[in-house]
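We begin with a single chain expressed as structure tokens, specifically the form predicted on its own.
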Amino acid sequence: MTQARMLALLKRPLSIAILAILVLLAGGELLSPGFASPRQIVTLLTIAALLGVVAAGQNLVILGGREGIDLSVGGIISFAAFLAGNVMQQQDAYLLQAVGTVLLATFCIGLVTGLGVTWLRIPPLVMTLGMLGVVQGGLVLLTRGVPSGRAAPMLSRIVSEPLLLGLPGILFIWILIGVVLTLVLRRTTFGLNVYAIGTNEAAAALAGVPVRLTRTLLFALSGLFAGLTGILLLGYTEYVFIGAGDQYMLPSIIAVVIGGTSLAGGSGGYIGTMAGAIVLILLQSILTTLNIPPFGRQIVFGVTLLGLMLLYGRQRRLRG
């Protein structure tokens, strides 16, 4: 490999993310011996999978362009965990019913958001923020501030216990999502339409791409992935707590940007987002090791997002 090709490879966001993973693992091991042990890495990957799943929907919305960012994912995750826990009631027999109910409900929430953005022409940030308020308000009304619902034992085993090669089932679910989503984006008409509307919406419309339908489906799928995250989070924690999904909103956006997806839309992919999720969880773990309080971690995440926008030149491509 020539020096020029090597430098070009190192400038790719995915390469930078992989390099950051290695550096963070080495740094974590220096700060806390055992940080990079196989068992600890599996634990970190399990936590990263939760972020990675919700970031899948965020990735789709951002790829679609028009300043598409879904701020409602945190509320949807909390709602999904509550709904799943109350439907399954710690019974394996109700697990499939709970999964189906939650995915349908959260898909419909995302669908309403998408219709507001595409047909009512409400800006995505405003629409998703409004939907966040609706979902959170509805959750408070349903729970009256008192969390309820527990995970079915089978769900907890799938998420947390070794399934194959010492790896928990959630990692295989995440890998499956990565493979399917990458194939959909790269090999299907729907995927090509997503890139087309993200690159140039007007040109895509002239070419016959169903712009409104495609963008509506992106928000619906974002809701579905947030719902799936809520189910998996319930399996990980085994019980429901208010605001369970709030911690995922900003990191889900940063993971997408770290992976190289342009905030202007039209370029990027999910493999990079998966790497970005791992980077963020490693960073969060190191900050926890250093006893940085939660508000400090939020500041670091915000600065990281701004820094990445500067590094990749995203801010010059944002559309007004």
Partner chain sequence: MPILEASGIRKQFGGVVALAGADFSLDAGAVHALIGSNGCGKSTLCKIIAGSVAADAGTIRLDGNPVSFSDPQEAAAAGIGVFYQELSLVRPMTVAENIYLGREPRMRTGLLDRDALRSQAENALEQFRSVIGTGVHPDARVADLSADQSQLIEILKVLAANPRIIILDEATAALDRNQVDAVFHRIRALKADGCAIIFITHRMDEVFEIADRVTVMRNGLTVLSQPIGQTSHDEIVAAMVGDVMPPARRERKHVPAQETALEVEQLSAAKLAGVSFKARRGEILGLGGLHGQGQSALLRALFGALPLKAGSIQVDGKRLAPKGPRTVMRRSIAYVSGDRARHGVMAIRPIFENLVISLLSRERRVVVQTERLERETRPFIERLKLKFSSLQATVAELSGGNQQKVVLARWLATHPSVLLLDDPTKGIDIQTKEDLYSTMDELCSQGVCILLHSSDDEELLGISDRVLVFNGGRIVAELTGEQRNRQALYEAAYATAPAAA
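Owing to the predicted nature of the structure, the values given are computational and were not obtained by experimental measurement. Positions refer to the first chain, counted from 1.
This next part talks about the form predicted in complex with its partner chain, which is not shown.
- Judged by heavy atoms within 4.5 Å of its partner chain in the predicted complex, the contact stretch among the candidates 86-94, 67-75, 183-191, 125-133 is 183-191.
- When its partner chain is considered in the predicted complex, residue 204 lines it closely, a heavy atom lying within 4.5 Å.
- In the predicted complex, no heavy atom of residue 115 sits within 4.5 Å of its partner chain.
- In the predicted complex, its partner chain sits within 4.5 Å of a heavy atom belonging to residue 200.
- Put simply, residue 100 is far from its partner chain in the predicted complex: not one heavy atom of it is within 4.5 Å.
- This chain appears without its partner; in the predicted complex, the one residue of 267, 288, 43, 32 with a heavy atom within 4.5 Å of its partner chain is 267.
- Proximity to its partner chain in the predicted complex, taken as a non-hydrogen atom within 4.5 angstroms, holds for one residue of 250, 209, 163, 105, which is 209.
- Residues of 29-66 are not found to place any heavy atom within 4.5 Å of its partner chain in the predicted complex.
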